[in-house]
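Before any questions on binding or motion, here is one chain by itself as structure tokens, the form predicted alone.
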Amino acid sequence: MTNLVKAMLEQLKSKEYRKLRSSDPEAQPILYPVELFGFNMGYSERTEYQVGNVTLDYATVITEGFEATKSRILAAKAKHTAPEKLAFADKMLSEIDRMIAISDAHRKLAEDKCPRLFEALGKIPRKGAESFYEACVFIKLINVVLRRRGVQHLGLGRFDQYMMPFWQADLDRGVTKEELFETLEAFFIALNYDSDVYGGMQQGDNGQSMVLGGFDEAGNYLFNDLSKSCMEASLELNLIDPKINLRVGKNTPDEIYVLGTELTKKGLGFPQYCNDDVVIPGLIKLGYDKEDAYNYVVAACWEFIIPGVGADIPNIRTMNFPLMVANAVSEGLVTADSFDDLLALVDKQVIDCCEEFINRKYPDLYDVTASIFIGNCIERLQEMHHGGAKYFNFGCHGAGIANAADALAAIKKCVYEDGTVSKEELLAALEADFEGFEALRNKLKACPKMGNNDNYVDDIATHLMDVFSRNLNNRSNLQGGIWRAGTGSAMEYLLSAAKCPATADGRKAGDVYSSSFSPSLDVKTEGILSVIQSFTKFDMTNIANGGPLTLEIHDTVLRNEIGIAKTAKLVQLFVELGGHQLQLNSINRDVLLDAQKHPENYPNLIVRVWGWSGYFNELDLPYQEHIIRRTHYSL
């Protein structure tokens, strides 16, 4: 780590800056490392319905520069006559001029403080970048402007692919690897200075996800020198941004998994693994062109999107699986003569919910600035949500699948097979939230649970996901796109759970679900291998909106090379079994409990919250408690 990077890192983690993290970002200026990347977020022009979860066509704009972009807009304008298209072109041109003006203002500020930044801004963004540093500054400018405009969850996409030409050009010019690595680390640090200025419910959830690796159509694994450097920079800096996502597959070299596990050891909650062998066929099933499917990235958390050409909204609704079960039990258990009859009632709840999602009217999103960097918006002179983007699909999360399957398995066993619990007794217990029914609750909690490689309950989960995906996937979203089913939950493991009454797995009303695709909280499993086996039985190509199997590993597992090697092999097994997405978190419950009591001793303790990582002490108590309750596995 160079002296410059050390100084920037110390400033970021200083008490003064940490104090500003908890203040209103519009009330005070944010400290910023003007040494290299002088763009400050400042205020945010937010709207009621904000655009988000998009990844821009960085490669085109940072290569051609804004003057060339303006020329493309003027050329498109010359081909159209419709007043609304001409007006849209003028708005695009105005937005580019605004970005150039912001750049010029920062150049003036940098004149005496940072000659390197001053020189770079004399060229970019009007002209295209030629060096790695110029390209990083260009990206920073675009992201700051868009986030000021209220664009949330702005991902960095396949950074190692579109930035590699600049990295290699510098090497060819004689720039040393050490100098490039310093620039990369400084860029990473600069991303973290902006993590506070975000309209989300928790600091840090800003969508700055980076995707590395992946296969091309010829089967080549695209992990390069920059890919490795990004992971090494993350290892050294120990920061929440950028969030690293690794695209892998059955032919990924072993050393990539080992390197990923070294990063997991840091306790940052990433890398998140995405399985190309499953994701790419799944996206093709959803109607994405093959070349686009092979170019996929993740949105802010885990949802699979296409960079540069897509304007998908991958988290617009959530299927609340336990609530579907609770509704069916409340309304139809008494008249259901068999478990199959009850399951049919649950199916109807899921199907009706899908229909409600499909026929609902959704906000009319509109963003001129982001459209400049998406697909054919310039050529068509259309906003990305109104015909400009190639894809405008909707994604639906699937929350609480394990709780739902566990509840149905308990009813199947206790009510329909063993006959040890009557329908009336179960309904009374659920109505009373198990008050006075502790023995019955314990009996339900002792029934088969998902995560033990037990087909008795796993088959029920598979059935629910099949009904969900068959009745949602590829259905029209009434706005020119289609729907996609997924297994993520985001914050819905709290919010959707709060809406759900007591369920027959022994869960009390309002109690939280597990995060995304993982065993119910407090469930005892046979071990991490059985969990992976349970959660890879469904054909995950049919539920490809995204949503990781989320597992917490006790940090003692990763304290030696043997534990790292075992964990790397575990990830490989997950991929070979057909899992689509995996998130491993290195956690120590004792440390977390102590951090709650003595937060001053852990100012930089980082944890994975759902699809993002944040500082433990800045989380609301329910999120802290959820992370502590999760099962912490040993190998």
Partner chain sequence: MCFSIEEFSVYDGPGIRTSVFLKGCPLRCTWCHNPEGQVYGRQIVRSPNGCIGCNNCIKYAEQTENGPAFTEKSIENCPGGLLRYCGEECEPGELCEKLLKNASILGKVGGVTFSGGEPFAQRDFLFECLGKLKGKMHTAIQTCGYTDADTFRQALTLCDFMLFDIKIMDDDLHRKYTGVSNERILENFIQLKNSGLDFVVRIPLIPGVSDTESNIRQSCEFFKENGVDYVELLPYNKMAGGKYKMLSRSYDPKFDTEAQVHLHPEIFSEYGIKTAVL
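These figures come from a predicted structure and were not determined experimentally. Positions refer to the first chain, counted from 1.
A second form of this protein, the form predicted in complex with its partner chain, is not displayed here; the remarks below concern that form.
A.B. asks: Report yes if all three of K250, K413 and A461 come within 4.5 Å of its partner chain in the model of the complex by some heavy atom, otherwise no.
C.D. replies: No, none of K250, K413 and A461 comes within 4.5 Å of its partner chain in the model of the complex.
A.B. asks: Counting only heavy atoms and a 4.5 Å cutoff, which of 132-140, 488-496, 550-558, 367-375 contacts its partner chain in the model of the complex?
C.D. replies: Of the options given, it is 550-558.
A.B. asks: Quick one: of L592, V61, I606, L570, which gets a non-hydrogen atom within 4.5 angstroms of its partner chain in the model of the complex?
C.D. replies: Flagged contact: L570.
A.B. asks: L426, L333, I528, A293: which sits within 4.5 Å of its partner chain in the model of the complex by any heavy atom?
C.D. replies: Only one option qualifies, and that one is I528.
A.B. asks: I'd like to know whether E438 contacts its partner chain in the model of the complex, with contact meaning heavy atoms within 4.5 angstroms.
C.D. replies: Result yes; E438 sits at the interface with its partner chain in the model of the complex.
A.B. asks: Would you check, heavy atoms only and a 4.5 Å threshold, whether N442 touches its partner chain in the model of the complex?
C.D. replies: Residue-level check for N442: yes, a contact with its partner chain.
A.B. asks: In the model of the complex, is there a heavy atom of its partner chain that lies within 4.5 Å of any heavy atom of L577, even though the partner is absent here?
C.D. replies: Contact check for L577: yes, within 4.5 Å of its partner chain in the model of the complex.
A.B. asks: When the contact criterion is heavy atoms within 4.5 Å, does N542 count as touching its partner chain in the model of the complex?
C.D. replies: N542: no contact with its partner chain in the model of the complex.
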